[in-house]
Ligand SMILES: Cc1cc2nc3c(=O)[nH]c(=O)nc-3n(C[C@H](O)[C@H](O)[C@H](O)COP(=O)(O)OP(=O)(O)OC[C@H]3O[C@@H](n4cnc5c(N)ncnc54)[C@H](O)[C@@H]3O)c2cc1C
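Only one chain is shown below, in structure tokens, and it's the form predicted on its own.
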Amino acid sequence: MKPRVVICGAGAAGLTAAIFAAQSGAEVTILERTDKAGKKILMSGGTRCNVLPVRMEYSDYATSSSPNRMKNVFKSWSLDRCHMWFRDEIGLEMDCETESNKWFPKSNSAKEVRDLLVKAATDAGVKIEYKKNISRLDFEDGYWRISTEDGGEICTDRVIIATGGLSVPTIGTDGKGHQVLRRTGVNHTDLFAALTPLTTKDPGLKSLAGISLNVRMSVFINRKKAAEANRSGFLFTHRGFSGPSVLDVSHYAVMQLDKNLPLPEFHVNWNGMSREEWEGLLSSEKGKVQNLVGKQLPARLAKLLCDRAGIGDENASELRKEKRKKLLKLLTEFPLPVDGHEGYRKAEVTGGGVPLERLDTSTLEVTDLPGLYLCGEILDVFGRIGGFNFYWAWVTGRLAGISAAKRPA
């Protein structure tokens, strides 16, 4: 008789777990709380779905768990093999955007990615039950009893929890998986919104909404440099700031605020030029300061920076020392006046989660709860934007699916 695996959640990790569990010989059922599978896949990458990064480093991920445990999970399935799986077995044609380090479907359709995963699952014999929201998980006599809010019950000796976190609550991510796990004795580290835009009360900066540029952004906590954004894209919004550089480091603001600690300081170099390079430009070029700055930066931003340095129509040759010094600081170490963040409503992922120390990282089985496996965003690992979180979902889903199917009876 086939082993039975029940998976809670039909997102990226859950669908992957289902495919590999079924292909490994299990009878698989997915319980999905909403009316559609893969809702987060559908909205990812601006509905294009950045399936995978082209390259990855372990430093692209954040966790409060042991980094070595995280590495062990990634070693179970390389980025290249994951890419080959999508191409050769799922049947997804992809284009490489080398400059942005992303693989996208050639169709630019997130729906195609979702549909191909659902097809691969159903072709393998997976049954997906929609509008099945789990309410309890109980372990008795070697079996897991899964209770659903509609009064249903399912018994099995192998369960995979792939319910995600709290990010984007409009698509049904309500943290139910964490609540259910906590009742079984599987606690998690503090959860927080990660990869979420930052907000400001500064009307001048909000008036720059729509301007995007490449910057260098650094984070300081207690005057010590805590991090530097890996990417350079920066976007002014009507509420504050977004773009890859901001999302890369926004969790530092979230974590400080959640602990009632002072906000970090965010410093921005607006185009990567050093103080010395700006000095040289202002010393060697002729013309009005605002025009010279405007050749390097968007005109509206150039005007705002000059205004804040107290510079009007001065020529570069007439610029007084104190104004020059203030302008150079604003150009290379602009103190971004952050007052908060957009929270889970706009967060790409949830930070925190079940520590990897609670699992056997060779299988993703909870160490003292036989037959219970976890994968995806519910775990205490998140990556920066650009396909990194999808890679974590594919890797952990595969490992949990194979492990659950092959677990000795």
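Residue indices: 1-based, along the sequence shown. Since this is a predicted model, take the numbers as computed values, not measurements.
There is another form of this protein, the form predicted in complex with the ligand, and it is not shown here; the text below is about that form.
Proximity of Ala162 to the ligand in the predicted complex falls within the 4.5 Å heavy atom cutoff.
In the predicted complex, the ligand lies within 4.5 Å of some heavy atom of Gly11. For Thr361, no non-hydrogen atom is located within 4.5 Å of the ligand in the predicted complex, even though that partner is not displayed. Though the partner is left out of this view, Pro67 does not reach within 4.5 Å of the ligand in the predicted complex, counting heavy atoms only.
Taken together, Gly45, Ile171 and Ala393 are fully in contact with the ligand in the predicted complex: each brings a heavy atom within 4.5 Å. Note on the interface: of 71 to 79, 216 to 224, 239 to 247, 132 to 140, the segment with non-hydrogen atoms within 4.5 angstroms of the ligand in the predicted complex is 132 to 140.
Along 331 to 348, these residues reach a heavy atom to within 4.5 Å of the ligand in the predicted complex: Ala347, Glu348.
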